[in-house]
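Below you'll find only one chain, the form predicted alone, shown as structure tokens.
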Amino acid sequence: MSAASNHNWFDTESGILDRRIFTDEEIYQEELQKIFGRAWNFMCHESQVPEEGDFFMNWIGEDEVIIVRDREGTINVLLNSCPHRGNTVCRAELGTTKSFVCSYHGWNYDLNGRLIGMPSEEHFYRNPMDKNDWGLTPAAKVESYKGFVFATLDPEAPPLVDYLGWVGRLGIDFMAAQGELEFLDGVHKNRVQCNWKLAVDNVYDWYHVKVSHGSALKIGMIGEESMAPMDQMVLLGEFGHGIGGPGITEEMFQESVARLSGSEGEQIWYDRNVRQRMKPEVTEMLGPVGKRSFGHPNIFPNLWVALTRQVCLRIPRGPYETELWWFNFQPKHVPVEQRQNAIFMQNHLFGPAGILEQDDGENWSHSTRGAKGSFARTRPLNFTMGKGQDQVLHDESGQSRIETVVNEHGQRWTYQSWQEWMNAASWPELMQNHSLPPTGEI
């Protein structure tokens, strides 16, 4: 890792952001090293690699990795790069295999990454080579939380459960509370000409809904109750995790139950999600504050856990481009009609065919383009909405929240945390100097 820097791209006191962070190549290269190279990155769900030899391809920053279940049942994350000449050893996006063979010179690797043979080794190499030193490079750590597999390239990273904290775990907890999850084959992928951070900070943005998504509201694809409420609840966690969006009151819980027992209109998706949180086992898992959050969780740096039982990776493809991967899930053993309705929402709200993300992608790409100009890039961006106007409220359970109107608390927390990652030379330094979730006035 490179030495620590003292960057001040985001002024935490004023809420003003230097927009060069969206287009500068040097900043982008530093992100690959200091953020993606150190963070716990989402890889896949365990159900995507259920049997020995099953594999799935993903990325950590711009490093392609193979997620594969080995002969002992362990899930490994291996760098897809042969140590002989650097060629990839796997070209398929997913599948089942007995080993990985480099197409350049035929070096052969076992499912745990160990080098097991090279063509004509005894004739050409002559001096014996220790194969234990020349296997595929493994991730420093691989751990799973409730079926969701994460990996980090940094051996100094804390355990996954500590990294996530209660805020980072909350979105996954809600998905897991709905029963055993089933991954729906096919990851939806598309590219947007935008910086990855713009796709991340939009998770907390409820200011744009009536403007950007006016057409979806007008045709009844989404309802104002769920997508454009004034009442907001923001949850902020360590290392940049956060949740922003509507908060649910007891009155809203009861209204949702009443709607489901009567006519099921456009609110059915929202009402079913709200009713699910009233189950005692779900309330116990989420906690009294988490139960009431109906916002979008982001696990830093780039995993959105959507309320539609989807997760989305925002994979960087340079400072000007982002690839979006949508993973779709459904609980097993749900009624057919309910399953079909949920899949319809997954296909038509987000992803390449999603009415909402088509709106968002246009905005993100134009915001990135607006940061490229030699003069425009010198003009800062304003993230001051609600700054200094709200209080962090603490529950006796240990969970805390900000209850307010539409705001930019989540965006400011994202860029504050991002800057702390960029200024730290190592995990120990980040652990020592990162900001704890705020208290008091915010």
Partner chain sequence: MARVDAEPLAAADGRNLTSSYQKLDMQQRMLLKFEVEEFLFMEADLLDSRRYDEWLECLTDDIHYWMPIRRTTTAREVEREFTKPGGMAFFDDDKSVLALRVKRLAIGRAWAEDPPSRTRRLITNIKILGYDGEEVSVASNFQLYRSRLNSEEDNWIGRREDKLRRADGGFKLSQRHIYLEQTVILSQNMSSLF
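What you see is a predicted model, and the numbers here were worked out from it, not measured in a lab. Positions refer to the first chain, counted from 1.
The form predicted in complex with its partner chain exists for this protein as well; it is not shown, and the discussion that follows is about that form.
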Could you tell me which of 123 to 131, 214 to 222, 298 to 306, 136 to 144 sits within 4.5 Å of its partner chain in the model of the complex, going by non-hydrogen atoms? 214 to 222
Even though the partner isn't displayed, in the model of the complex is G165 close enough to its partner chain, meaning a heavy atom within 4.5 Å? no
Does its partner chain come within 4.5 Å of any heavy atom of V192 in the model of the complex? yes
Does G95 reach its partner chain in the model of the complex if we count a contact as any heavy atom within 4.5 Å? yes
So in the model of the complex, is its partner chain close enough to H348 to count as touching (4.5 Å, heavy atoms)? yes
Looking at G361, G290, P246, P319 here, can you tell me which has any non-hydrogen atom within 4.5 angstroms of its partner chain in the model of the complex? G361
Contact with its partner chain in the model of the complex, heavy atom within 4.5 Å, among N112, N108, S365, N80 goes to S365
Assess the spot marked by L184, E323 and I343: is its partner chain within 4.5 Å of a heavy atom from every one of these residues in the model of the complex? yes
